[in-house]
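One chain comes next, on its own, written out as C-alpha cells in the form predicted alone.
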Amino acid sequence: MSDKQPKKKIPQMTISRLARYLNCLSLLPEEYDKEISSKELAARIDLKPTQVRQDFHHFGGFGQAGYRYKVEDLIIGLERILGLDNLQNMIIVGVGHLGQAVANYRKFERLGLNLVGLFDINPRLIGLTIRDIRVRDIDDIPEVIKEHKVSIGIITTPADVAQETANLMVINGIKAIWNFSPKNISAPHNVVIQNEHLSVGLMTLSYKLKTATEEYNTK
C-alpha cells in the first residue's frame, strides 16, 4: 500500500468519494472488521467496483490487485490522504441554533479536529458554555487564533456578516474556512473555502422527491 500524495492534480469528485469511503469504513459492522472487497465497499455507497479501484489507483491501490482490502490499512491510508492524521485546531463564529448544533457534533475529534473557541456578538450568548468552551466576544478572535495556532474557521453567522467574518479570520491567519451561511464568501487563493448551503441540499431533496413521485404516478 502507498498513501504518498500523487504529484498530479486529483479531481475534486475523487476526493469527495474518498471521504465517503472513509465514512463507510468507520461504520462497518463487526463482520467487516478486517477485510472488505471493492465490490462490497462500492455496494454500500451505490458505486461501481471499478470506480472504487480507479480512485484507489491514484494513491497506489492500497494493496494487490485481485485481493480484498485490509480495512485498518484503508482507514489509515485514507486518513493520511485527507489530512486527518494531523490534529487541527478550529473555531466557530456565530453561536445561534446552527452554531450550537455544529459545536455539539461529537465526531470532530475522530476527524482530527479540535474545537478551541466559540464567538458571537450577542450579549445573551457570550459567557454561555458549550462542551466546556465559553462563548467569547468576537474581539477575542485574534488572541485565540494566535494562542492555539488555529487553522480552521467555521462560519455560522447570518449572511450579511459572513464575508466580514471571513475577512477577520483570514487577517488573523486562518487557512481554511467552512462556511454555513447562506451567502458564498471569498478569500485569497491560499485560503481554502468550503461553502455549505443547507438550503441547496433541501431544494435538491425536494426535486428528487418530486421526480420520484411523478415517476411512481406514471406507472
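Just so it is clear, the structure is predicted and the values come from calculations on it, not from any experiment. Residues carry their position along the shown sequence, with the first being 1. Rigid core: the largest C-alpha set superposing within 1.5 Å between the two forms.
The discussion below concerns the form predicted together with a further copy of the same chain, not included here.
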Report whether the minimum heavy atom distance between residue 187 and a further copy of the same chain in the predicted complex is within 4.5 Å. no
According to a 4.5 angstroms non-hydrogen atom cut-off, is residue 68 in contact with a further copy of the same chain in the predicted complex? no
With a 4.5 Å heavy atom cut-off, would you call residue 134 a contact of a further copy of the same chain in the predicted complex? no
Exercise: residue 183 in contact with a further copy of the same chain in the predicted complex, heavy atom 4.5 Å: yes
Answer option from 161, 36, 168, 176, heavy atom within 4.5 Å of a further copy of the same chain in the predicted complex: 176
Stretch from 68 to 76, 136 to 144, 95 to 103, 115 to 123 whose residues place a heavy atom within 4.5 Å of a further copy of the same chain in the predicted complex: 95 to 103
Scan 41 to 56 and write down, in order along the chain, each residue with a heavy atom lying within 4.5 Å of a further copy of the same chain in the predicted complex. 44, 45
Aligned on the rigid core, do the two forms place the Cα of residue 14 2 Å or more apart, comparing between this form and the one not shown? no
Is there a C-alpha shift of 2 Å or more at residue 23 between this form and the one not shown once the rigid core is superposed? no
